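Have a look below at one chain only, the form predicted alone, in structure tokens format.
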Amino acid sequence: MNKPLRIALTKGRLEKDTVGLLEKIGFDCTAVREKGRKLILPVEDANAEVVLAKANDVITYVEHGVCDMGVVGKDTIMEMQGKFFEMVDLGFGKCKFALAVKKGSDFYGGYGVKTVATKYPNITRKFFEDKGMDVEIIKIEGSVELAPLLELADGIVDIVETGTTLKENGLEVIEDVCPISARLIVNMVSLKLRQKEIEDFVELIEKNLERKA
């Protein structure tokens, strides 16, 4: 028997949604649901195992081939880029990137270079480059909403789900950057060496997504 297909899952909500999808396909994910502190867990009735990791690490593990596949948000894929195949839009984990500013402020007015705070400098840079606009980007690790309130930045580019946090902090979305959802990614070498296994797995997932639609 081949070594188990190793699938890296982003911890948290995407992990729960992916496990739910695997169970709909018919896999027994009891070990994953009852994981305790374990980080590598068997999928009992399939030749597969799940690795739980942070989003950025999912991409690193798949790119380096220590995991054959991974489930990660499009936001992380766009920010980190990397060499792998993006196979399926899983349709869950939906949200969007948006440009938000202090309510009532005129971001596009005036002639000075605007300052934008974000956790995602690469996505932000590309967004403004595509507009032909020169901006200064400041990378923030924590609550990006603070930057305009402290007058560190004229605006922020961040992930928005409901917009409640923005509203509560006196900010408003003035432009959508792009939509986001969870994606299944596959290591390039794994797809060659284990083509049938991976293609069968992808087909099962796609069939299940069609049923959900």
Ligand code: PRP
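Residues carry their position along the shown sequence, with the first being 1. These numbers come from a predicted model, not from an experiment.
Below, we turn to the form predicted together with the ligand, even though it does not appear here.
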Quiz item: 123 to 131, 136 to 144, 77 to 85, 100 to 108: which one contacts the ligand in the predicted bound form at 4.5 Å, heavy atom to heavy atom?
Solution: 136 to 144
Exercise. Tell me whether K3, T60 and K192, taken together, all sit within 4.5 Å of the ligand in the predicted bound form, counting heavy atoms only.
Key: no
Quiz item: Any of the heavy atoms of I159 lying within 4.5 Å of the ligand in the predicted bound form?
Solution: yes
Practice problem: Consider G163 of the chain shown here, and say whether it contacts the ligand in the predicted bound form, taking contact as heavy atoms within 4.5 Å. | Solution: yes
Quiz item: Quick one: is K119 in contact with the ligand in the predicted bound form, heavy atoms, 4.5 Å cut-off?
Solution: yes
